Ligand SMILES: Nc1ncnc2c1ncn2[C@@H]1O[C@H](COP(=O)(O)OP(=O)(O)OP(=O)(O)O)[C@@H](O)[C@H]1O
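Given next, in structure tokens, is a single chain: the form predicted on its own.
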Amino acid sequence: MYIKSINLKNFRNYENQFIEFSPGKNIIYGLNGQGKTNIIEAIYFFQKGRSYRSQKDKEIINFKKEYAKIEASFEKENSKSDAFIFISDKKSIKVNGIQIDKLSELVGEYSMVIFTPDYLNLIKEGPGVRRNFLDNFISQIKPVYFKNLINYYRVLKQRNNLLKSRNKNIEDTLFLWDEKLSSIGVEICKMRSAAIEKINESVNLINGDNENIEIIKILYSPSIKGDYCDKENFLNQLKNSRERDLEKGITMTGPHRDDFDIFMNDINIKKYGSQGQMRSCVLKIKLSECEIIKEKTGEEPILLLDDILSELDEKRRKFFLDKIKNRQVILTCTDKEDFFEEECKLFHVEKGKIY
């Protein structure tokens, strides 16, 4: 699939901008702070109905404006699709004229893989970054996962509020929340484990012609000890940690505290890997994400690259570009460089306008 066009109204520093993309390679270039990343953000809005940069929707509304609007047209293998997002005091999303009432209804509709410089910290940063990567990835191939995730965090919030109340007579109520949390939690763990297994199968098939053999393996590190697929086991751990949870006022066990470790040739790359090895790992994991989404959905995902090539050395840049052929790519950079051998569509951005 690919995005044909997008129309921005009062989105970030764009007051009124229509952009028509090529189904191949698109390069958006210009100085920093001109609005290149804002285009990537606007496109990605259609992946899950919210920004990957801001927690609050209102932050994307142009200064002193009352609303923002994004309209996009997509082309799939056998169909066309139009989508609309309106943000003011409330958010409205429509796909082909039909109102989307829940974000879970949008997830999986438009397949995209985004790669920003922040993803190079996938290994070095904390567990939240890795959980976020995994959650976004699984949601695209299994929309039911996103629904489970929303429900899980809703229950978790209720349980934490109950813990913080420090009410002495909360045992029965707490047990009810524990039941719900464990039921949803083990399903999330099962899908995370299966996704990591799938990445492990795929990631080592992505190699360069003259590369040294680098065997990458991701090991799931669930917060639930023992059998993380067993609801009763999760329930028992919640019960055993109740005193500690009450003392801290938060739930200390569950998928919200999961992590995973990445190994290259049996070495924990976070502890002992070089910068180059870390970047090779992340590149291959993101490329693996593209391949798995294509396999599971039957559609090539749109590849969004936000100023990523400048972060890579020449060898890794060449390797990466070679692996993303035959996909729609929308890439931002500061200089108009000849990244691709094939023809590209160029967009020059200056002060929130495309030239």
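The model shown is predicted, which means the values in this text are computed figures rather than measured ones. Position 1 is the first residue in the sequence shown; the rest follow in order.
There is another form of the same protein, the form predicted in complex with this ligand; it is not shown, and what comes next is about it.
Visitor: Heavy atoms within 4.5 Å of this ligand in the predicted complex: which stretch in 282-290, 43-51, 323-331, 27-35 meets that?
Guide: Only one stretch passes the 4.5 Å heavy-atom test: 27-35.
Visitor: Report whether the minimum heavy atom distance between I60 and this ligand in the predicted complex is within 4.5 Å.
Guide: Yes.
Visitor: Give a yes or no for Q17: in the predicted complex, does one of its heavy atoms lie within 4.5 Å of a heavy atom belonging to this ligand?
Guide: Judged by the heavy-atom cut-off of 4.5 Å, Q17 is well away from this ligand in the predicted complex.
Visitor: Should S22 be counted as a contact of this ligand in the predicted complex, where contact means heavy atoms within 4.5 Å?
Guide: S22: no contact with this ligand in the predicted complex.
Visitor: Suppose contact means any heavy atom within 4.5 Å; which members of 1-30 contact this ligand in the predicted complex?
Guide: In sequence order, R12, N13 come within 4.5 Å of the partner.
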